[in-house]
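The chain below stands alone and is given in structure tokens; this is the form predicted alone.
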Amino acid sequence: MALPRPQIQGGRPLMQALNDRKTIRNISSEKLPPQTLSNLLWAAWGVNRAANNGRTAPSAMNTQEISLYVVLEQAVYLFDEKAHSLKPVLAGDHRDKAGTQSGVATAPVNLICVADLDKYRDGLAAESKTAWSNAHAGFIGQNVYLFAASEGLASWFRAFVDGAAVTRLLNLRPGQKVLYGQTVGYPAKG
């Protein structure tokens, strides 16, 4: 699924976005426009330095082991950062698998951070791989929070994701680990 080219100008100033950044769990089911989804994904983990495939979030040793799955009402997609597009993974509405809390299944966008621990160099301790991947997912999550604050959206970063169920749903390899989910949409009215 092609995404519109990301708009990298605009939004609230950084200091205002930092001031407005917060978790909002009460999220409307209203869909995000394609441009907003495109901008959100670019802000989260997009390529901002094409010459070396640099990203909007840091990655130790430029490992870039995080895959960002996008769970929408119509399907689950894998964000292809280099092509800035969504690759279909699984048709149908699987938002109920994107988290265990109430409200996740009706939100328009759920992001799932998956680390491919096999992308790390040989000899790196398993604990280091997991720690670094958790940090990378946190950077991505903060980018999403700041984008949401800048655009007046709601965002909710979650550790409560059934990793085993998502692993089966996405048919992940043993070296891939589900880390976190993040729900994004418009704040619910009232």
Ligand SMILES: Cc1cc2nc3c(=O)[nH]c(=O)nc-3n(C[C@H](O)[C@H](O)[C@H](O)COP(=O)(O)O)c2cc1C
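Everything numeric here is computed off the predicted structure, so don't read it as measured data. Numbering starts at 1 and runs along the sequence shown.
In what follows, reference is made to the form predicted together with the ligand, a form of this protein that is not presented.
- Message: My question is simply whether W132 lines the interface with the ligand in the predicted bound form - judged by any non-hydrogen atom within 4.5 Å.
- Response: No, W132 is distant from the partner.
- Query: Can any non-hydrogen atom of Y69 be found within 4.5 angstroms of the ligand in the predicted bound form?
  - Reply: Y69: no contact with the ligand in the predicted bound form.
- With the partner left out of view, is T106 within 4.5 angstroms of the ligand in the predicted bound form by any non-hydrogen atom? Outside the cut-off, so no.
- Does the ligand get within 4.5 angstroms of any non-hydrogen atom of S85 in the predicted bound form? Because no heavy atom of S85 falls inside 4.5 Å of the ligand in the predicted bound form, the answer is no.
- Item | One stretch from 118-126, 36-44, 23-31, 52-60 that, in the predicted bound form, holds residues within 4.5 Å of the ligand by heavy atom | After filtering at 4.5 Å, what remains is 23-31.
- Message: Under the 4.5 Å heavy atom criterion, name the residues of 154-186 that approach the ligand in the predicted bound form, in sequence order.
- Response: Counting only heavy atoms within 4.5 Å of the ligand in the predicted bound form, the contacting residues of 154-186 are W156, F157, R158, A159, F160, Y180.
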